[in-house]
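The chain below stands alone and is given as structure tokens, in the form predicted alone.
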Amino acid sequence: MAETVFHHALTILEDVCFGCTHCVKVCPTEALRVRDGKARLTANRCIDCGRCMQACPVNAIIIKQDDFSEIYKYKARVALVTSILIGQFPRHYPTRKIYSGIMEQGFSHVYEAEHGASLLIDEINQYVARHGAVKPVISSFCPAIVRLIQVRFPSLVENIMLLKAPLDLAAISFKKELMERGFAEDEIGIFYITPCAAKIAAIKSPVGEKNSPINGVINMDTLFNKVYSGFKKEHSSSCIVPEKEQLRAEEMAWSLTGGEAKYINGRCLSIDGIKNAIEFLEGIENGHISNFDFIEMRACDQSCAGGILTTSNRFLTVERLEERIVKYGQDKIEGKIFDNKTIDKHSSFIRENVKIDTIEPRSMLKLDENTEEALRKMERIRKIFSYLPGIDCGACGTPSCRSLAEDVVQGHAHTSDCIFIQTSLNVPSDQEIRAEKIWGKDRFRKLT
């Protein structure tokens, strides 16, 4: 299935942005440029990883979410939360109290997205076994990684696992459960509480699917602040007793680094952090890395615990969740809490709907639809790049000299945008002398 558009959750506030190029320098897909003193987004390159938002010194980049009041359009208002949200709260707040605090904000039900993980383990193992000719299989859990492969490593799209993420399975399962309880489908609103921008984008314009089973998205920091501020009020005493299904130990750990790969057969590896992911994907693409069966790959450091919409320190979040796993993991032995789980009740239905369609590449490297013209452009890029200083200073508003050369060839920039070329065309000045002290005279001789 070819996607017609990428929804982007990241928004640049032009009245706040002053064109500092911090965001330009950290973007892993070179999706940002500075033009007319403002950061500009190249939509077909952006993967919504959020690195730009983290780098912005003036908070000029924000993540759009659905209006919180949207939940009241539905009779059954479901907060689909990840275990990462539970890990945001100090350890003395029990899970049931957190659930209760979420319901006090207006939700009628709380359900954890990782309920779909244990069912997915068998599906992934079967998938990996069936795809012996295309290895390694790369997890589709992280939408930022899926989009990264689409735009920067298009030759690896066939390696992406074509199975839904746990949050989609949980949404499908709980919606079916509520319908069996008597709710009409249009009375059910499922809102995912997201730790990152990429999951917003994946819900609004899903890859490999026509529509998402999720009705809306609320940023995790927004809901956390609402709930936690309620806890801190001295007169607050929650009286809502929520229904609660306990996660299995393997489900609790799913959103953490290693939580997925440890249950998959064969040679597996867990990688977190966008730079580490890019380095590893480059190794797979050029053939230097091979003989792996399955790769769990997450864009954020410490996986979802390091999402840009979390509020707690990612390492403390991991510690709290690991303590939760130890605390509740023993219940699996007794087998009491895990009887009649919603996800197990609907397992046959979910297995019938676990697959997604083929994922198409969206290469950012395509210079032209015409192959001959693309080759000519490549040669022009090479020549222009040879005249540029190779400093990658970003003063031209692009992330690198190579990207400036590409923009010039594509008609989006001019070689004179380079301050070194500007300097070489004028009589030596005090500015040039100072620049030579920094970069050396050879940089300027190269341009004359």
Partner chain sequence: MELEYSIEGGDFSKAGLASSEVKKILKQVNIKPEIIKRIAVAMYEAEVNVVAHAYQGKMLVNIDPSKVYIRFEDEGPGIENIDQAMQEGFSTASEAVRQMGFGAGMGLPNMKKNVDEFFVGSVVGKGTTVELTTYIK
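Please read these numbers as outputs of a predicted model, since none were measured by experiment. Residue numbers count along the first chain shown, from 1.
Just so you know, the form predicted in complex with its partner chain exists too; it's not on screen, but the next bit is about it.
Exactly one listed residue, out of 226, 366, 244, 345, brings a non-hydrogen atom to within 4.5 Å of its partner chain in the predicted bound form: 366. A single residue from the set 158, 319, 301, 180 has any heavy atom within 4.5 angstroms of its partner chain in the predicted bound form; that residue is 158. Looking at residue 263, you'd find every heavy atom of it more than 4.5 angstroms from its partner chain in the predicted bound form. Within 4.5 Å of any heavy atom of its partner chain in the predicted bound form lies no heavy atom of residue 130. In the predicted bound form, its partner chain stays beyond 4.5 Å of every heavy atom belonging to residue 90.
A residue is said to contact a partner when one of its heavy atoms sits within 4.5 Å of a partner heavy atom; residue 379 meets this definition for its partner chain in the predicted bound form. Annotated contact segment (heavy atom within 4.5 Å of its partner chain in the predicted bound form): 370-378, selected among 370-378, 120-128, 103-111, 70-78. Not one of 272, 351 and 355 places a heavy atom within 4.5 Å of its partner chain in the predicted bound form. In the predicted bound form, 152, 153, 154, 155, 156 are the residues of 124-157 with at least one heavy atom within 4.5 Å of its partner chain, listed from first to last.
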